[in-house]
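First, one chain by itself: the form predicted alone, in structure tokens.
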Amino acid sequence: MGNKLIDLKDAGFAIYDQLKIADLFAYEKFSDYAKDTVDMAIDTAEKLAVSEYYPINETGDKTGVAFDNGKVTVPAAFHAAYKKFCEGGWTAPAEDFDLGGQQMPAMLNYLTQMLFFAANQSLMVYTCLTHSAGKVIEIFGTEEQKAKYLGPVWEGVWGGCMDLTEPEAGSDVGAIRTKATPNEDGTYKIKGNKIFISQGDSDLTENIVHILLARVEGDPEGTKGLSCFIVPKIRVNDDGSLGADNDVVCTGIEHKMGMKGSATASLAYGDNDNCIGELIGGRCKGIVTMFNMMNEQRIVVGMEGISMGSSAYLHALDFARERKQGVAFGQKTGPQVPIIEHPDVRRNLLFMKSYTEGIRALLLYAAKCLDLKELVSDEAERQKYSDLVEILTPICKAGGSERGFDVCTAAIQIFGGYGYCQEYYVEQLARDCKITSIYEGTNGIQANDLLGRKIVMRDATAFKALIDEMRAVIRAAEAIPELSAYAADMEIYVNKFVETSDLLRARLKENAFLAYSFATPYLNIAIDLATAWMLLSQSVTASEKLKADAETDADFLNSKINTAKFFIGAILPQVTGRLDAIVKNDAAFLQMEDRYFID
């Protein structure tokens, strides 16, 4: 099986055979890449993840971060691993060569990141947030700001984070109260408080660059009056050296269910009226600026969730093959057999395999769309890939996080009582994974985004682009005798999904409150359809490879076909009930008043 992080044979099948990463090498940007360079990057990342990140994950969980007198200390073992990560150029591998990156295709970047997330979620969060902070500066910063901050951030010498949440403004970003007051030199004095800030403070890096939302005094209330600011923990001199503290103080850290090696901080800005911030992205344009970072993080969070699910699946698979209990099914006596031979355990494993492989492929597909929307010359094609990224973002975020957690809990079930004990890694994976459905926009927010924005945007053009991609795979599968019946079933579900989506668009105008009560079930339907789409696509590819050479990798390729059949035949029918419930549009929800919730 190899490492217990990600099945790289399956991931390789996804990027090489199904999604054809080699297509990208024809573009000048990626002309330096070939299969051997991709293989080398994956191999290098795997070795670092397995040898450095994975062994200290349990240590980070047990040690946790420490807070003392305004200072946050990460687990000591994190420092050496993080240094090797930075020295290996993994802090910003997808950035252009002239920015110090490896100009790596997003698909390859995502796959290597998944290895690190599966190995050590807590440590990896420091890095992914730093990258997102750097990306905001790269896109929206002035030349002076780029010169001042971008190099140390991309190199990982300085950390980065995004600061949105406040005590009285959780998911309601428009209620932010942190203030910015203009100074004569063009900077701003920042005053306020933030909570739940991942990597808000730590001793892992020399400095931390906060990307912060605040409201300039006098600007409008709500999101339209927010602006974005660069607020370093330690001020940066003109020559790039570190100067005085910037009146950014950590007031405490959260004691969490999981991800104990990741610092989640409460921060106070300007208690001494001496916190200086630099406007980035334009005044009252903070939401546009910040959401560039947020949208990147939402797909990243989907990767986090499914990566931990991947690791949980591989651990459970090994356990199920080794753990002997009970006699063979249908027998009253005989030797004990590995529990993988029992039907319920095998079904659980196939459930885990389906979601792990399907959603991982979906994330890699989204990564390819991210690159193609910048690479293709045809304007209509560019718009199509941009639309696909838009509509897939909430599906990827919620799908990776929800199903990743489902896989982690299924792994605990396979381990039985052992899985509930801290001695077994799957217990930690479940605790670490749960946050992914909450942060960077709860999955309820993702559901609202999909229903209220993404399926109606540009007269439903983005929605149509997704459905067209699904139907193209269905057409390909119809031509393969072994898959034709499953393709027919898939088409029925997709057609019902389209009809239901049309109904919901109309209901948003009639009774939005009732329509939004179905947002989460609707998102879950989309997740399962997207998973089935990817698995059916993989089964088409596997069938074509078997037809070309029936001997090479036959077991693996048949497993791809059977996984798609199982999911479409045994898991996907569950969407019928959800679709029927939405169509029925029962209004009891509207009649449930607050006083009926009796405590």
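Computed from a prediction, not measured in an experiment: that's the story for all the values here. So that there is no doubt, residue numbering starts at 1 and follows the sequence shown.
Just so you know, the form predicted together with a small molecule exists too; it's not on screen, but the next bit is about it.
In summary, among the residues 442, 511, 336, 183, the only one with a non-hydrogen atom within 4.5 Å of the small molecule in the predicted complex is 442. This chain is drawn without the small molecule; in the predicted complex, the residue among 264, 205, 109, 227 with a heavy atom within 4.5 Å of it is 264. If you check the small molecule in the predicted complex, you find no heavy atom from any of 91, 127 and 253 within 4.5 Å. Proximity of residue 140 to the small molecule in the predicted complex: non-hydrogen atoms within 4.5 Å are absent; the residue sits far from the partner.
Residue 157 falls outside the set of residues with a heavy atom inside 4.5 Å of the small molecule in the predicted complex. With a 4.5 Å cutoff on heavy atoms, residue 163 counts as touching the small molecule in the predicted complex. In the predicted complex, at least one heavy atom of residue 196 sits within 4.5 Å of a heavy atom of the small molecule.
Partner contact region in the predicted complex: 256-264, out of 455-463, 311-319, 256-264, 236-244, criterion any non-hydrogen atom within 4.5 Å of the small molecule.
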